[in-house]
Every structure is written in C-alpha cells, then in structure tokens.
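Presented below, as structure tokens, is a lone chain in the form predicted on its own.
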Amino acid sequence: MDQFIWHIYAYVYDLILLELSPYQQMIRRVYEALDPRNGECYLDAGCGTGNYLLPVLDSENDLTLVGVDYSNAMLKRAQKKLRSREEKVDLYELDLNKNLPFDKEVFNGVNCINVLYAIKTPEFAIQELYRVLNNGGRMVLITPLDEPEMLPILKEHLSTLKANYPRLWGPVFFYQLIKFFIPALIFVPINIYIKSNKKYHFFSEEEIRLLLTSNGFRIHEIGLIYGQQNWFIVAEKTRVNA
C-alpha cells in the first residue's frame, strides 16, 4: 500500500475509532494497566496515530515516551497530535519484524495494541519487547482473539450511549451514524485491502499464554475487551533469578 493510501487511512481511522466508546474504554484500560510513573521511560510498540501516547502525556509531566510504527503516514498524524509535547516523545518509523534499535532493559513499560497479530513472526517481536523491557517491567498487550467483527463493538457502543444518554441516546446515535457515513465508505474498503495483503495470527487463550510465558513473562491479567473481540493481557518481565 502506498503512502497516499496510508495517509487517508490514518485520517479516517481517528474519525471513526475515537468516537467509539469501546475504543475509548480500551485506551483508558491501557493507561491504567501500564500505570506510568514520572521519571520513567515507556515504549508504544505500534503507536499508530498516537492515541495511547496522549493520555500518558496528559497525566504525567516528567517521563520519556517512545513510539514506533511501520507506517510513516500514521507517524505523521501522531506528530501533529503531539506537536505541543514533542520534546517528551520520540517517534521512529520501524518494522517490528526486525531488531529494535534500543539497548536491553531501557523501558519501564511497554504497550503493544492491536499490532502483534499483523507481525510476520509474533514470537520474535515478543522476544524483542522482552529484551528492551526492564526486569520487573510491565507489558500491556491487546490482540484479536479472532478476525474482529464490528457488530459486537457497535452493540457495546450502543449500550454505553443508552447508559450515558437514557432519553437522548437515539438522536445521538443517529447523529453519529451520519457523521461516520462518509469516513466509513473509505475506512471499510481500505481495511479489506489491508486484510487481503497480509497474513494474520490469531491466538486462543492457551496459545497467547504459552507465547508469553515461554518467553519470560509472568501474566497478571488476561481477559476480553473491545466488544469481547480482543485479548487484554497485562504481563511482567520475570526478574532474573526470581
């Protein structure tokens, strides 16, 4: 896919997903699970347009953030969002199928959100994230349990609207449908194109547990999120001689 298509995709990606309450809830859960602390350094592996970097920067003032992504178009959009905070964030165009250009044990925490399934060699990526993570450091990982479906996500979004707007949820949802219509006409075909050109890796609970524990991680939490379409995992790098 050329950079022009990625540029369009990066734009409509935010127009749609940032409006969905399950996506917003997922961002909050990642932040809470990562529990960033001032004076520490964190890696967003597959940072996309920077949606998981923003809440960290908004809540903490004295930390270092690094975001990496394969798509230059996604990174450019992240740069625009983070422009006023660029001295606290380093963004790199990197392929997570290759060695990360960081020393071992330099990050206090890592998040990898809806990226692992699209990597050619997931085990290699997990090994690299383990290498750059401090002993005792935390990783927050989200990956689809199967090819994601939008209907359960929309149902969860609708339930949240009904809870937040008991009397007005209908008009609010109708307004959002109109707002989503044109971006969706672009978002859906591009997603189909992406899927047709990639081989994906979907994990059962047993498989994702084995992948992490066999590579040195201790799992603290595992469950479903985002309309029950994705695994949500919080894991810790096992300390040496622990």
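No experiment lies behind these values; they were computed from the predicted model shown. When you see a residue number, it is the position in the sequence shown, counting from 1.
Here the subject shifts to the form predicted in complex with a small molecule, a form of this protein not shown in this document.
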Any of the heavy atoms of Gly67 lying within 4.5 Å of the small molecule in the predicted bound form?
no
Considering non-hydrogen atoms and a 4.5 Å limit, does the small molecule approach Tyr117 in the predicted bound form?
yes
Is Thr160 close to the small molecule in the predicted bound form, meaning a heavy atom pair under 4.5 Å apart or at it?
no
Can any non-hydrogen atom of Glu149 be found within 4.5 angstroms of the small molecule in the predicted bound form?
no
So in the predicted bound form, are Tyr13, Gly48 and Asn97 all sitting within 4.5 Å of the small molecule, heavy atoms only?
yes
Answer key, the small molecule contact in the predicted bound form at 4.5 Å (heavy atoms) among Ile126, Met74, Val140, Val89: the residue is Met74
Stretch in contact in the predicted bound form with the small molecule, which is absent here, among 163 to 171, 102 to 110, 132 to 140, 118 to 126 (heavy atoms within 4.5 Å):
118 to 126
